[in-house]
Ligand code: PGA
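Next up is one chain by itself, shown in structure tokens, the form predicted on its own.
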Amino acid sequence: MIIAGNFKANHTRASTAEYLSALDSLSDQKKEEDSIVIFPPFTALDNYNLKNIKIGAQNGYPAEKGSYTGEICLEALSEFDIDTILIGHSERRHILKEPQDFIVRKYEFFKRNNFNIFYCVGEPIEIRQKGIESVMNYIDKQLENIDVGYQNLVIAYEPVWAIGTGLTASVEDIEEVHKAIRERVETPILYGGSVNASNAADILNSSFVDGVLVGGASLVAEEFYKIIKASANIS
């Protein structure tokens, strides 16, 4: 299982260091095969000495360095040995209006640099209401020109209507979409969308789910550890 936490624009460098120290100690009892990944804000990137946790970047500009105000490039990420990145998150697509062609550019750049890529896909509520065929047509467009055979790819399915809303897709809905995505890719598929300690076990227990990408419920180390523990309890 892959248990990932996306801090978004939350936590400072000081609070992230405190959080990671606490979570790293708690996670000594995780399953050996489980992976824990945290995506802190750029201001909190550092050379943390961690045993059980991998640090990733929430975004990156497809360049070594350059005149890209407000962005972070490969040179800066390399300083902290970052080799894992989120690409295509719905908040980048919908709030910041990143088009698919630019997302593909980022994907190709970080693929060339051998990054572990967590590639996010997911539909808004008006698409979900039309049924699975419409959902998959929407997701297929998000997969256009993406090399889904890349060996370091993880797909994160995050229905837009369930991100930060408190709404979570039913296990049946999750399995329906994950099964359809599985017909297109062989890579691990995570679920994200208001995952928390109360629903994590049911979601992770599905044979179609390879892990979770957690937002708000990842911000407190002890609460996020409950999700890690839920994975450890699944046989």
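The numbering used is simple: start at 1 and walk along the sequence shown. Predicted model only: the values in this text are computed from it and were never measured.
The following text describes the form predicted together with the ligand, which does not appear among the structures shown.
Colleague: Residue 195 versus the ligand, in the predicted bound form: is there a non-hydrogen atom within 4.5 Å?
Modeller: Heavy-atom contact with the ligand at 4.5 Å: present for residue 195.
Colleague: Does at least one non-hydrogen atom of residue 154 fall within 4.5 angstroms of the ligand in the predicted bound form?
Modeller: Flag for residue 154 set to no.
Colleague: Heavy atoms within 4.5 Å of the ligand in the predicted bound form: does residue 123 have any?
Modeller: No - in the predicted bound form, heavy atoms of residue 123 and the ligand never come within 4.5 Å of each other.
Colleague: Using a 4.5 Å heavy atom cut-off, state whether residue 164 contacts the ligand in the predicted bound form.
Modeller: Heavy-atom contact with the ligand at 4.5 Å: present for residue 164.
Colleague: The ligand isn't shown here, but in the predicted bound form, which of 125 to 133, 68 to 76, 111 to 119, 83 to 91 has heavy atoms within 4.5 Å of it?
Modeller: Result of the contact check: 83 to 91.
Colleague: So which residues in 183 to 218, when you check the ligand in the predicted bound form, have a heavy atom no farther than 4.5 Å from it?
Modeller: 193, 194, 195, 213, 214, 215, 216 sit within 4.5 Å of the partner.
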